[in-house]
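Next up is one chain by itself, shown in structure tokens, the form predicted on its own.
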Amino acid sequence: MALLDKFASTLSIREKLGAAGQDPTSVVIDELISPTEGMVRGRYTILAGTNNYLGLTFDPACVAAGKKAIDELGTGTTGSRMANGSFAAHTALERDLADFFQLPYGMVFSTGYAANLGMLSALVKPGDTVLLDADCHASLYDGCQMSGANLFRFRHNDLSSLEKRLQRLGDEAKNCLLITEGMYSVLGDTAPLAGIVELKNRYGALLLVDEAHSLGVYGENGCGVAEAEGVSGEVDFLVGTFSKSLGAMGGFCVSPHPELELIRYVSRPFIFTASSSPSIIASTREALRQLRARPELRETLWRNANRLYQGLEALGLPLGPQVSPVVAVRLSRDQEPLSRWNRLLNAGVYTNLMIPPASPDGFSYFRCSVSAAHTEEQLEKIISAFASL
């Protein structure tokens, strides 16, 4: 049983989490009332940590599309697209995404995590070089590790740090992949993509941008930070997920490069993962239509984001560096995060608890994600719950 001995330390961690009250890793939402409300341990709770940015999980058109797909196509595909073939809806969603981003090629994965693993393990191999923003998501790190490429980090959102890395590479910079995110998921800050693109072009590298949290949030059409900064046509590979603004599950990549079509043949996470179920594809396609047809959702989201940020800022709380739909409250090192998080939950507000090493700078955070579906009353209750701390 020695193989299992390593879990003794994990058991100790779980016991410490439980001793503080509700364990953040095992919160059960017993009943969902709406995109922003649920019942947790019999208590009405405002959901302020769901990434449901546009509030589309209960949208009648999205729900109806999913139900119709189940009626017509069944509950699942029972295999990968390589082995079992693609449903017409899979390829239709890829065309929808390519059209949305105004790029010629699109590819759909079963999860956002698989999209990053699948793209990176196919794009770079041992001997290739990757320059990665230090605060990038675990899936991007894991994809690089899976690829076996040489990985170097540059300081978060630091253009001078990135340029120094590129200079050290010399001629190898022309065979280098830069990786960044659009909006970062813990602090809600955005990448200086215009500057990164300028460096990418100057040194001849390629650029992959993960817009998982910025899809539907930034840009005139909701395409993300690259669109907002006017450089979407110069990003080589743009990846994202359906599990945030689109209220479903899955991942994608769009690109101006025809080589994206060849990645289907070499990406193991794509080849060996069952394809998305018909209901997920159908609700995602409808959510994308809603995103495009209803810019007022994005307007409401930003109004709510500004209200929550300003309300918490007025309490004197240390927040992330900029207003965004992710509002992170930093705790000082002497503030016990678990007990305070439980106090918020007991006050009827669910947030994400980010503690080291998951947090980017060694501090703990209460991470709120704002939704277009939050009401003014709910936002005021969230602010009041933080004031009670």
Partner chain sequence: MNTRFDEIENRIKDLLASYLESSGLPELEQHGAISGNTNLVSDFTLDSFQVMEFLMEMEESFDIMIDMNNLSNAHTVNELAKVVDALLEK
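The structure displayed is predicted, hence computed values, not measured ones. Residue numbers count along the first chain shown, from 1.
There is another form of this protein, the form predicted in complex with the partner chain, and it is not shown here; the text below is about that form.
You can rule out all but one of 165-173, 214-222, 283-291, 84-92: in the predicted complex, only 165-173 has residues with a heavy atom within 4.5 Å of the partner chain. The partner chain in the predicted complex is approached by R153, whose closest heavy atom lies within 4.5 angstroms of it. The partner chain is not drawn, but in the predicted complex it has no heavy atom within 4.5 Å of L140.
Using a 4.5 angstroms threshold between heavy atoms, P356 counts as touching the partner chain in the predicted complex. Contact annotation for A134: at least one heavy atom lies within 4.5 Å of the partner chain in the predicted complex. Shown without its partner, this chain lists T78, Q145, N201, Q310 as candidates; in the predicted complex, only Q145 has a non-hydrogen atom within 4.5 angstroms of the partner chain. Residue in contact with the partner chain in the predicted complex (any heavy atom within 4.5 Å), chosen from V231, A114, A149, L187: A149. With contact defined as any non-hydrogen atom lying within 4.5 angstroms of the partner chain in the predicted complex, the stretch 271-301 contains no contacting residue.
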